[in-house]
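Structure 1 and structure 2 below are two forms of the same protein chain, each written out on its own as structure tokens.
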Structure 1
Amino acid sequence: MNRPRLKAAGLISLGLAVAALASGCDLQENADLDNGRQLFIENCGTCHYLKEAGTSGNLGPDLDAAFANARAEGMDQDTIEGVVADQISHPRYTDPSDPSYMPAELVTGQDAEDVSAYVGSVAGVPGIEPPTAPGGPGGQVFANNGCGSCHTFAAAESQGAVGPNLDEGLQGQSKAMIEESIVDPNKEITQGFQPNIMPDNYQSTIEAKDLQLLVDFLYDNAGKPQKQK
């Protein structure tokens, strides 16, 4: 599945520029990678593609593309952690009105270390895949495309708040309506939310069979109580 590679070159060049500074920095020693993964999904996934996290944002750099090249050029995990930490503290400047604008210190302190260590451990790793997601094949499509980073959906065990709560919003909708909301998200904006946040290219980036699995998963589970584990 092809993914956008926006601004990856800029991230690589910046990463190489600070590599000497970051070398030898071992953030992972005391890092909580599970916490880092969750924080990344919640705070970074709407803008960045990262396969292991199941996020598909395309406003910022594709972190797998950027760091796959960096790893191939000899950048080690500790250095990648340092690059990410530096980007969190001092992101590339863009005008705040630019959709790709990233504010400094989205996460701080130990949380920033956890995110940096997590990204350093998974970004650009050959063959890496997201962990098995709840909800069967449709739930996996939901997770692999980062839907949980923006939406709450009980069947997927996700609690995103950037977009509408799907358990509430999808009740009573037909499969055709659900599919339209995925492939043409700006056609009808839920009250209280902004346009142009959800990617509008899922028609091309999600294979047709996976899109059908996703629609079926959402249709079959919206608003339904989940079995207690």
Structure 2
Amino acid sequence: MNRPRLKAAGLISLGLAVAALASGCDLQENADLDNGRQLFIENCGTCHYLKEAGTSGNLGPDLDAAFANARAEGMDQDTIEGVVADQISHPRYTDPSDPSYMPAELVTGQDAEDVSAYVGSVAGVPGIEPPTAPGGPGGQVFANNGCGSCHTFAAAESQGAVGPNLDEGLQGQSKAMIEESIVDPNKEITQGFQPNIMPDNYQSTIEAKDLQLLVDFLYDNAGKPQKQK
């Protein structure tokens, strides 16, 4: 599928967007927004703040702030999506020797479309909040950071199978041990699993108070039967 590549296209497609809104036409009908959200959290959230995704990276611009004005001035979702797709395939280079510059093609093909459509649907939308996750505040941190995509944990209603089942693995572990597994995952590898699969930058991407909520949530619920489904 061809995507608008030029930011200037926004001016031309403005009329189209108004018509599309009026008819309720979904311009992103081929995109999987859930997949886009998950990939954004994994690949982009380390550098970008985006409210709906619950990410708080600060190496790159705050994407809500980046698109809020454009959106307020009438730039439509499809145009924002095009800007994001363009940035993913051809990032503007600030200084390539600066480690914080954005690598090209972190996601490609359909995945890149899904991420672009997802960002286009949420960035700079006034009043937007991340979806409410099961398990209270600690469950929210678990969900916002994509832990459930790799881990099964009943209290979070997650069924990921890339990493160990945390209901089974964390029973009998202290809070300090759980915290260490999160911030320094390669220090000790759970038997039967590979190193370097779990992201090793949570120390910098999860705020200290959220990390505490997360550790308490895992500690309090590991292996406990869940009252409500």
Ligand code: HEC
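All of these numbers come straight from a predicted model, not from anything done at the bench. By convention here, residues take numbers in order along the sequence of structure 1, the first being 1.
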query: Of structures 1 and 2, the form predicted on its own; finding: 1
query: Rigid-part match between the two structures, D98 vs N196; finding: no
query: Rotation (degrees) of the lesser rigid unit against the larger between the two structures; finding: 36
